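Presented as structure tokens, the chain that follows is alone, the form predicted alone.
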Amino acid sequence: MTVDLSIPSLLWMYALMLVPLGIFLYLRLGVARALLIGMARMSVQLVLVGLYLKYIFQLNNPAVSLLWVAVMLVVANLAVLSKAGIRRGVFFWRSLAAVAGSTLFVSGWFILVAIRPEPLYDARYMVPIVGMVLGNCLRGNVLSLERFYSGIRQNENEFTTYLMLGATLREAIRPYLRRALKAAVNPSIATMATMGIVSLPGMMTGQILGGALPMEAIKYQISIMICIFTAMVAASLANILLSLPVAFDDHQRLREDIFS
């Protein structure tokens, strides 16, 4: 059993935010307002989700769980496109297919092949695992899309030269694709390489605080990290490849109207 945080205890945790807030105000970074709004949104959203998840777990209905997963996928996809700086209307369905396909395949493999809960659609496994995989895919997808298209945009002469020398579109984009994927995966590789020594990851820590044995928690953490990394790589690559038909015109020039 975990130690429950009382409301006064939680308020003391909020008081800790005065430290970064004071630094931002002193240095006039201009992000104090964004921090306060972000904190308020996080708090309200998590409270509402906490209340909602309580009923999802009690109902344990596959239709309700899948509906919640669908909402998570759509919101995550919108966030990826917004932060990558490209227009949602152009890429939405292609990006959703990449993110949803990768996330659901990897999460389904973990749940159906490795864990095999009873019942298989148990909401206590389905919703948190999909949420962890999807949430950690966000940064990789944002980085890959942003680096890929900004790289081509900033090196348009180089890209055009590849095409003029006879390269196909797939051949011309390859250097930018490599750089984009490296930018997306490098932080995760560094995290995995130092996990356990430098940091104790969230899933493992949460399970230990919940009363699980350390070795049990470690096995789950290794599994979820493999899922996260696999889904991130697959989604990042699929996102770029699926976006190509709408990102370039008939003359293989990058369309300016794809950027928000």
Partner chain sequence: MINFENITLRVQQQTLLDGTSLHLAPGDKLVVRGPSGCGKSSLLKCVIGMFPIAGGSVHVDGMELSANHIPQIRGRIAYIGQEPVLGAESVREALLLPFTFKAHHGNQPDEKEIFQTLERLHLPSSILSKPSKRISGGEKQRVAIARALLLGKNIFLADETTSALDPGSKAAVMAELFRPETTLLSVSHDPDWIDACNRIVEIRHADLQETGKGDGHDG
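Numbering follows the first chain given and starts at 1. Source: prediction; values computed, not measured.
The protein also exists as the form predicted in complex with the partner chain; that form is not presented, and the subsequent description refers to it.
- Annotated contact segment (heavy atom within 4.5 Å of the partner chain in the predicted complex): 164 to 172, selected among 164 to 172, 124 to 132, 83 to 91, 146 to 154.
- Under a 4.5 angstroms non-hydrogen atom cutoff, the partner chain in the predicted complex lacks Asn186 among its neighbouring residues.
- Among residues of the shown chain, Arg255 is not one whose heavy atoms approach the partner chain to within 4.5 Å in the predicted complex.
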